[in-house]
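This document opens with one chain alone, in structure tokens, the form predicted on its own.
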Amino acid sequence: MFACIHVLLNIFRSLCMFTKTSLFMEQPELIPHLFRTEYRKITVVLCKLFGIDHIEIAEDIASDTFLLASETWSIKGLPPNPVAWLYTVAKNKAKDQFKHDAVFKQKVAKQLQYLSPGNEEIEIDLSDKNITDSQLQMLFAICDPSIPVEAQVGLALRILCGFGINEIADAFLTNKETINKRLFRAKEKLRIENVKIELPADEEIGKRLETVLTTLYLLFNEGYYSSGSDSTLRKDLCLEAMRLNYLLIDNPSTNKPFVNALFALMCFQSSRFEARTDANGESVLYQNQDANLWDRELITRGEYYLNLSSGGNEISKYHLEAAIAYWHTIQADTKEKWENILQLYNRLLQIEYSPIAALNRTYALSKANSKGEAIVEAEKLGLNNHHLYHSLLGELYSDIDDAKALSHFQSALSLARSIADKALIGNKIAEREKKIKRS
């Protein structure tokens, strides 16, 4: 098994750890880069140290550390090792907090195991191992069933991914006041429930793992098909979901078949990132994508983890979705391919029904059988308030009944949110209008 960081370096070229190349960045580029990679590490270690009751203190210390870096480095220049500088400042600020704040009396004084024998200096461990362990433990803490799923995803973005409140608000298509209230209520609930920042006991880990995977699945999906108005694809959300998923794989107690299946799904889906949008940022439908832009390394990695996921006795929705995604990495447009995809969707809908999965199944049905059969099945779904429903029917009716196709594309345009979706649908409308005029 590869070490976590080595795998992530191979897979996510744009999501690297701090490297030698970062030393050559100018300060305006370096600080945002370090904030993205190091803020979350500092925050999660201090959260574990201070406890769930004092998440805000950990966040404040991490934020103050970067504020001081911005002020100091602009005057004195970059230190020889910026990451070490950040860690040292964060440690010192945390120690000052323990010494001079009531937290020391209320919490730490009662838990002297944090202190070295004969030494009142608290040990703050920012080693790679403790950072990884703390992130995994925090992942389970914020995915506690006592708080809503959207709050779990929000806390994951904030604490484990280092996203700002405005970024989270954009991801959820809401405003920062709503996000602040949501996160505040979630933190209060975790305090009331006295949730510990630790891995559950072995007998409970399977049940809790389902909640964790749901959070990561939703986080990835929000990035893969963003509900935001400015972009259909948010790679940063997808990459963070993959990074957190790999923490589960890298830990023996959470390295389960369905965890590997979810990671395989993410690998297959992210392999087509570069082909999903064109040079103008407009969406490119699957059938029109340039397969030369698909990332073969990620496809190979997905196959590896899909094979690992076959070791259990249970087939999860992640297994089936990963298998569907695998078939989508096969370039050839054959009947066998679409029949396999159709059968996998049939099985998936039996395990867990989803309107979007049912909608996707009808496209596979059109490729495996006929457009006419797919239209009948699609119209049964009645998803009239979803732009993807009308987009699909527009595609299915094209060249069969162009007037109906145009009507559905126009409905899809009125419901679409992202600029990229609107541009794509607008092009489809123009094509149908030209076809109708010619006829």
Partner chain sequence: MKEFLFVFRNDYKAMPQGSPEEMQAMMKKWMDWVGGIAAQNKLVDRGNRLTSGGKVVKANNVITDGPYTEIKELIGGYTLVKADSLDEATALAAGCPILEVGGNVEVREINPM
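Numbering follows the first chain given and starts at 1. Only a predicted model underlies this, so the values are computations on that prediction, with no experimental measurement involved.
One more form of this protein, predicted in complex with its partner chain, exists but is not displayed; see below.
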_Only one of 343, 255, 72, 174 gets a heavy atom within 4.5 Å of its partner chain in the model of the complex. Which one?_
343
_Can you pick out, from 30, 388, 381, 68, the residue that has a heavy atom within 4.5 Å of its partner chain in the model of the complex?_
381
*Establish, in the model of the complex, whether 178, 185 and 186 all lie within 4.5 Å of its partner chain, using non-hydrogen atoms for the distance.*
no
*Is there a heavy atom of residue 369 lying 4.5 Å or less from a heavy atom of its partner chain in the model of the complex?*
yes
*Could you confirm whether residue 167 comes within 4.5 Å of its partner chain in the model of the complex, counting heavy atoms only?*
no
_Contact test in the model of the complex: residue 358 vs its partner chain, heavy atoms, 4.5 Å_ = yes
*With the cut-off set at 4.5 Å between non-hydrogen atoms, does residue 365 touch its partner chain in the model of the complex?*
yes
*Which one of these stretches, 344 to 352, 81 to 89, 304 to 312, 131 to 139, sits within 4.5 Å of its partner chain in the model of the complex when only heavy atoms are counted?*
344 to 352
*Taking only heavy atoms into account, state which residues of 183 to 206 are within 4.5 Å of its partner chain in the model of the complex, ordered by sequence.*
none
